[in-house]
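One chain comes next, on its own, written as structure tokens: the form predicted alone.
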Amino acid sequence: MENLKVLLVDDSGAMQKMIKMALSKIGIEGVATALNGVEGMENLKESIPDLILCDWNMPEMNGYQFVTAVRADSNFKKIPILMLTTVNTKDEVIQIMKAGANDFLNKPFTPDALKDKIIKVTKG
């Protein structure tokens, strides 16, 4: 898991910092960041990660639009996506999964919970 390349898409700099710290605690250092889905798509064109961690509520291109765009592109279709979000109503969770996310994790979360979800979606 240490060699995992991660793309973190979240509009909050503070949240990015917290997530990167959590990733570091579980041995993941290779993290590229984007502040919204538009930046995330640009980042994907430069480097294909092993995993995408994505927020749901973002400006310009939200998590739903981003995941839909990722899944529509054959180059990125198979990248596991873990949605990190504060949304937790049944309808929102259904929408997250229908968009093409592999799983979701509610914020706030522990590094161990994040590790468990990463293992689950990357099957490793």
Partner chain sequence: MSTHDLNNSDSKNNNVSLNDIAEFLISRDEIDSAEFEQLKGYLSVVREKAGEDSPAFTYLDSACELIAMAEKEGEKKLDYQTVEVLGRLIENASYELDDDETDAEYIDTKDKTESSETEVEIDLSPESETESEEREAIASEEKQDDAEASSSPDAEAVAPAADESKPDSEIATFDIPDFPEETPDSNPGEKVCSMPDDIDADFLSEFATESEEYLEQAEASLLTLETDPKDDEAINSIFRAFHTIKGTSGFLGLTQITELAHVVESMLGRVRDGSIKYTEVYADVALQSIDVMKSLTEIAKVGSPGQELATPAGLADLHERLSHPDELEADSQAFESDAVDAAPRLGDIIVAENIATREQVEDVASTQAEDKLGIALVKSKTAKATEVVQALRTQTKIAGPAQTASSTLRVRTDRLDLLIETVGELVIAQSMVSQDETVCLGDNHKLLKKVGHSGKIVRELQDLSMSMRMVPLKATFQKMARLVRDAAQKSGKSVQLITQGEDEEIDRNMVDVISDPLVHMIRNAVDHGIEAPEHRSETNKPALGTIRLSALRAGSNVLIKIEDDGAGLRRERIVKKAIEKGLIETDKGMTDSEVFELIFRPGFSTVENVTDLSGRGVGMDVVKRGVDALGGRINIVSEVGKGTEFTMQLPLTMAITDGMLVKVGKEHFIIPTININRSFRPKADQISTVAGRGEMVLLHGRVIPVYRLYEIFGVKGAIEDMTDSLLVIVGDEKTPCAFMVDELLNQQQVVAKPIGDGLGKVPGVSGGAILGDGHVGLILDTIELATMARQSFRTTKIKQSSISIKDSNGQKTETVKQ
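Model, not experiment: these values are computed from the prediction. Positions refer to the first chain, counted from 1.
What comes next is about the form predicted together with the partner chain, which is not displayed.
Site residues 5, 41 and 47 are none of them in contact with the partner chain in the predicted bound form, judged by any heavy atom within 4.5 Å.
Not displayed here, the partner chain is approached by residue 119 to within 4.5 Å at the level of heavy atoms in the predicted bound form. Using a 4.5 Å cutoff between non-hydrogen atoms, residue 58 counts as a contact of the partner chain in the predicted bound form. Although the partner is absent here, residue 12 sits close enough that one of its heavy atoms falls within 4.5 Å of the partner chain in the predicted bound form. At least one heavy atom of residue 62 is located within 4.5 Å of the partner chain in the predicted bound form. Along 72 to 93, residues 77, 85, 86, 88, 89, 90, 91, 92, 93 each place a heavy atom within 4.5 Å of the partner chain in the predicted bound form.
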